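First, one chain by itself: the form predicted alone, in structure tokens.
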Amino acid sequence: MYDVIVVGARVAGSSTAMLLARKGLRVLLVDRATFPSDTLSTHQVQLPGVVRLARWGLLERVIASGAPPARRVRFDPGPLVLEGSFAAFDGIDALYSPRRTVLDTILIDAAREAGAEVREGFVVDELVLEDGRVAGIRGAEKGGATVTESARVVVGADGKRSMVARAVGAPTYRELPVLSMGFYTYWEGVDLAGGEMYARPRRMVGAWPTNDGLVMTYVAWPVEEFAAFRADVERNFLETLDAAGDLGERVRAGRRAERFRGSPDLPNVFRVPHGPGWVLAGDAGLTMDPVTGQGIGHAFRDAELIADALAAGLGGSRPLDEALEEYRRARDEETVPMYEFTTEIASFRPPAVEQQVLLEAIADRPSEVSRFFGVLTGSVPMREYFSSRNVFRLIGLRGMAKVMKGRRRARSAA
């Protein structure tokens, strides 16, 4: 019997398995894919995620893969532009956007090195239940005989359409409808000094450097325009980039290196992440629109919280259910502000007058621009930054007068 079986070996699953194995637990990690393997992804490892990679001893491997650091950022919501750098967070001042063929392989190799047993190409058909608890899995390697494996806990790290979550009937909450659709591709020969983000009416654009000298560009449209976008993907993609400063011109001077990838399947939902014999990690337990690029960092955070909870609960130092409920509380407390911020952006509503005044107030203040970028990457607490006290400190009396005037205009227009 294993202490823990982890279903899904991408960023949430491999990280969880690695950390559990490092704590001395007997771990089985399975995935239907074989690695290296690609998957739809935002690519961004935000600053808190990079800090975790460094803590785990894996950041040097990411750097050695050729994934370049993005220290400079351009944020262009129109008509003003914010340019600057990230303030260092626990010694880290850059985010990375590695290809998933690279990052996932680094993590699964690290899980093996830590002592986890890894089975690639293994399809889980069902969970095993005993006395109302999940007690293992039943499945097979592709083309092989069906086997049953037992464990004290099964972790579902199998993505937003998690089989584990579905099998246990994990309740959902804070659920919102799909808001956006997103597509991305890679380019070679594109001049890019760091990360770039653009907000335009009913459009969002991101551009980030990745492995092999390539640039990844991402565009988001409202989900109700998916059919229109699909009618001519390349033309619509390029026209969206053309609206993002000179990014379209720079991209057209290069060459598209790969096909377009994308999806309208971008849910926004929290799931109860634990129950009798089961735990959910990463997108299996909480997924939100990728427009803010938080998924990989959240998966790493979940891995640490789950590993600590299971080590304590299975080791007997505290009740397992209590330890896992602490994981849920910590996950939700950290994520809710970013979830609300993300879904607001993904709704494509015009920015509130308060946001416009705030950005105007900090545009020529480099230290405040860096703090704002810290909010976007998750290294500066969002509630703290957007508190009334901090906003007033930034915009002052003159800014408050602009806000009040803007609100009166909005009420008159309504």
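For every residue, the number given is its place in the sequence shown, counted from 1. Computed from a prediction, not measured in an experiment: that's the story for all the values here.
Quick note: we don't show the form predicted together with a small molecule, though the next part is all about it.
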Residue among 312, 151, 163, 257 with a heavy atom within 4.5 Å of the small molecule in the predicted complex: 163
Heavy atom within 4.5 Å of the small molecule in the predicted complex - residue from 72, 100, 112, 331: 100
At 4.5 angstroms, heavy atoms only, are 10, 33 and 290 all close to the small molecule in the predicted complex? yes
Please pick out the stretch from 323-331, 185-193, 291-299, 198-206 that is in contact with the small molecule in the predicted complex, where contact means heavy atoms within 4.5 Å. 291-299
I'd like to check something about residue 155: if you look in the predicted complex, is any of its heavy atoms closer than or equal to 4.5 Å to a heavy atom of the small molecule? no
Within a 4.5 Å heavy atom cut-off, is residue 64 in contact with the small molecule in the predicted complex? no
Can you tell me if residue 278 lies within 4.5 angstroms of the small molecule in the predicted complex, counting non-hydrogen atoms only? no
Against the small molecule in the predicted complex, would residue 377 count as a contact residue? Criterion: heavy atoms within 4.5 Å. no
